[in-house]
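Quick setup: one chain, the form predicted on its own, written in structure tokens, and binding and motion questions come after.
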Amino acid sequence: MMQHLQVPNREVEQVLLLLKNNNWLADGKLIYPSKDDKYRLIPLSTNLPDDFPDELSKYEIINANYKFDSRINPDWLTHLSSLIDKNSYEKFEQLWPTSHEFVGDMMIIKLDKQILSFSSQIANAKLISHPNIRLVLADHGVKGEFRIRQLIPIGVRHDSQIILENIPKELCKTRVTIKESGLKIICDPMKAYFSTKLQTERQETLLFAKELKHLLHRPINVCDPFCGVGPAVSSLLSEPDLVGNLLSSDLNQEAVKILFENMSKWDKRPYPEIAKKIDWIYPNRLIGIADALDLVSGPDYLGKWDMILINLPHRTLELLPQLIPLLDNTSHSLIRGRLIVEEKEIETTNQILQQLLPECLINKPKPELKIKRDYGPTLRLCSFEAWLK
């Protein structure tokens, strides 16, 4: 017997993605239907956190007999050990990647420089272990003003064949559609990356937005000046009558072009087919290319927004004071942001953050960083929320 999550059949896809991205899915066990065939029983890993995410808490956890997945050995290291010599496998045992990220039918992994020569074998092992994955990409970090991820194809599956060398360009397409919060998000991580692992955080943002709407007794006006292709927007727009006016902008033209495609589906009305400078596309939709700091210089944008999302974690502390004038200071407002910080500096950063902010609501928790995931050996990706008077 082991713990399984009982999920209605129509919701399995998005739940499975969340479990996979957080390594909460049990290895080597089958997902199988309930007796009445209305649900799927998803086997849960033993590293499931005690603080279960809100978007999963609505599903029942039951103890049920587990079934082994005999179709394939899901442990990719088992396959890797058979693809390289024993000495090399043992020599680099501590460096083999312990995590990955699924983006549609693609897998993104980070490789230490010392094991780059084994890229093909690693890709082969990953593709064998995950038969639904089409393309494996090695993440070589970010580059340029827009911090575009340098993703290098190291393995692809085509017509049941695994190709590891001289991969044809036409098989390396990275434009995919991801389902999140009941909406489909078009994305291309080579043009505008967003992390599918942060789906839980976007659901938290949705809960905060609903709380703000309750405080204001009306739909809220949202400013997302680093929106990318719009994953945070998708979560908010999934809730009927939550968002009133929306400012959604980015400096990356490729991101804005994809954002327009996504908005046309989410809003169910046409948007431009090419990226354009920020403008009122509709009376309640201010969307397009813009530098966030230029918004503050435009009087038409100042004091108009109830909620600001600051999704530029390397520069949040620098940008925060400059973006505050965008908030409507005649009523309660909310800032939701992310920061990358050394773990030992979290307490000091909390003090700096609180000093930068205007007066906060006394009946809400004071703004403090919450660790969301590791960003390196000592760096942590954190989020915060600040409720302002």
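This is a predicted model, so every value here is computed, not measured. So that there is no doubt, residue numbering starts at 1 and follows the sequence shown.
Omitted here: the form predicted in complex with a small molecule. The next part is about that form.
Just one of Arg315, Lys179, His214, Lys277 comes within 4.5 Å of the small molecule in the predicted complex, counting any heavy atom, and that one is Arg315. Only one of Phe118, Phe260, Phe226, Trp305 lies close to the small molecule in the predicted complex, with a heavy atom inside 4.5 Å, and it is Phe226. Asn311 belongs to the set of residues with a heavy atom inside 4.5 Å of the small molecule in the predicted complex. In the predicted complex, the small molecule sits within 4.5 Å of a heavy atom of Pro231. Using a 4.5 angstroms threshold between heavy atoms, Lys197 stays clear of the small molecule in the predicted complex. At a distance threshold of 4.5 angstroms between non-hydrogen atoms, Asn252 is in contact with the small molecule in the predicted complex. The stretch among 153-161, 77-85, 103-111, 283-291 whose residues place heavy atoms within 4.5 Å of the small molecule in the predicted complex is 283-291.
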